[in-house]
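Below, in structure tokens: the form predicted alone, a single chain.
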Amino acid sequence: MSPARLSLASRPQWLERVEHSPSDRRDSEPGVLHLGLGAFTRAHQAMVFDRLLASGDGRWGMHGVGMRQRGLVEALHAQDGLYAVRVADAAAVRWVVPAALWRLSVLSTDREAVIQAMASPALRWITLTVTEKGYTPELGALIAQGLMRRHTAGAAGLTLASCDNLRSNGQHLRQLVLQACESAKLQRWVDVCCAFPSSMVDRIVPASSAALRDQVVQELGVVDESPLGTEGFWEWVIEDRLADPSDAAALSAVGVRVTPDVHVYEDAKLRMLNGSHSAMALIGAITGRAFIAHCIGHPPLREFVRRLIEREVAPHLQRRDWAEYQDALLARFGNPHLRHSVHQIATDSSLKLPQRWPPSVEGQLRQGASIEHHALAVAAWLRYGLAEDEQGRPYDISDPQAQWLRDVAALQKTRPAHSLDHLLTRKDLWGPLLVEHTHWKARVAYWHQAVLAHGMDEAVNRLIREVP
């Protein structure tokens, strides 16, 4: 007999095998509408809201909106919005079934229902995880339409919180929405009654897999079409700028850090975690290491990452506990339970790297300090553009500028100077200082030559030997 599907009806079969009993009360309208129903959201914000619901605060049920993910939404709908999350690190492995998803829609086909949901008097927050490339005029127009409907109905203002890696994401969202407002009256209402806090979110959430689905059957005794695996560590730092100021205490009670200084944590996460992640992902793709745990498990590469953070990133951060955060990062990268694909992390590098690497390089140059680790990382990105690893195995490059990168990378074996010039003169990637900085360009060229002549691993070894 086939196992039952994970759902409220099958609760007796899986309940004793999960960490806590998720609430099955859904006797009110959702208080949160979330745009972008990906893996990260379900393993991060949804689990925070689940904790709030479990505490008896029923205002945090979610209306999850997949932008185009009809298959995912249909699978979750068949499971009453439930899904299994394996939380695993060196200390323990446990299963959680969050129950915060009360309602589900697909924007591409349910747009009117989504706009109407934004006008619900019960709605208090709109959250979104759309990544760097998702801040489009279309997104601004969607939210502005919902807020217009809300304003016309006489409902209260909202907190609108971006939960992604874009620095100052609240400011970006606010500007996007205000530009999309069709009247000065609506702009004034949004400006006065709605809040756009910036936030920093941090948790490693690899893509789901068939192996994880099999594990759910084995360990929970039910079928789940959309399980997730994640780590024990998580952080959510949100700006103390909320439409309902009392929400700060509620969020703080379940582990969210509410502070006026989000930028301190944004900078540390972008440059320490995301910056080193990008470097490892590119090096891993070139060397044929499929997952981040394989990369950090190679001692020279682990030392490269440690030195990158400690020597070139940390001196320019305001996060006081950066050393403890660094230790946590190295442990997280080595988590054997997280099969975090280097190619997943390398996706959209042309959008991510300008936020992650140049600020640290500029800080080092101003102090006359070493830039060697970042220079090697940039050289690795150019080599990555060949779209095949050092064993000759091809891989796809998923990036808005993939064709440009492939074209530039194709020059590097016969005309490396031209290839580097095309890369390093892109002001939109590196900023006005670096495109004119001869020492920076020279060091990237040095390590690029080392990568081409000796291979990626030996280039890393050379850097560790040559840079005291």
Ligand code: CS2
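The model shown is predicted, which means the values in this text are computed figures rather than measured ones. From 1 onward, residues are counted along the sequence shown.
Below, we refer to the form predicted together with this ligand, which is not included among the displayed structures.
Novice: Counting only heavy atoms and a 4.5 Å cutoff, which of 336-344, 143-151, 244-252, 208-216 contacts this ligand in the predicted complex?
Specialist: Within 4.5 Å of the partner lies stretch 336-344.
Novice: I'd like to know if I204 sits close to this ligand in the predicted complex, meaning any non-hydrogen atom pair within 4.5 angstroms.
Specialist: I204 belongs to the contact set for this ligand.
Novice: Quick check on N165: any heavy atom within 4.5 Å of this ligand in the predicted complex?
Specialist: Heavy-atom contact with this ligand at 4.5 Å: present for N165.
Novice: Would R289 count as a contact of this ligand in the predicted complex, using a 4.5 angstroms cut-off between non-hydrogen atoms?
Specialist: No, R289 stays farther than 4.5 Å from this ligand in the predicted complex.
Novice: With the partner left out of view, is L376 within 4.5 angstroms of this ligand in the predicted complex by any non-hydrogen atom?
Specialist: Although this ligand is absent here, L376 would stay clear of it in the predicted complex, with no heavy atoms inside 4.5 Å.
Novice: To verify the annotation, which of these, R174, R271, R383, H277, has a non-hydrogen atom within 4.5 Å of this ligand in the predicted complex?
Specialist: Exactly one listed residue reaches within 4.5 Å, namely H277.
Novice: Which residues, if any, of 222-236 lie within 4.5 Å of this ligand in the predicted complex when only heavy atoms count?
Specialist: Heavy-atom contacts to this ligand in the predicted complex: nothing from 222-236.
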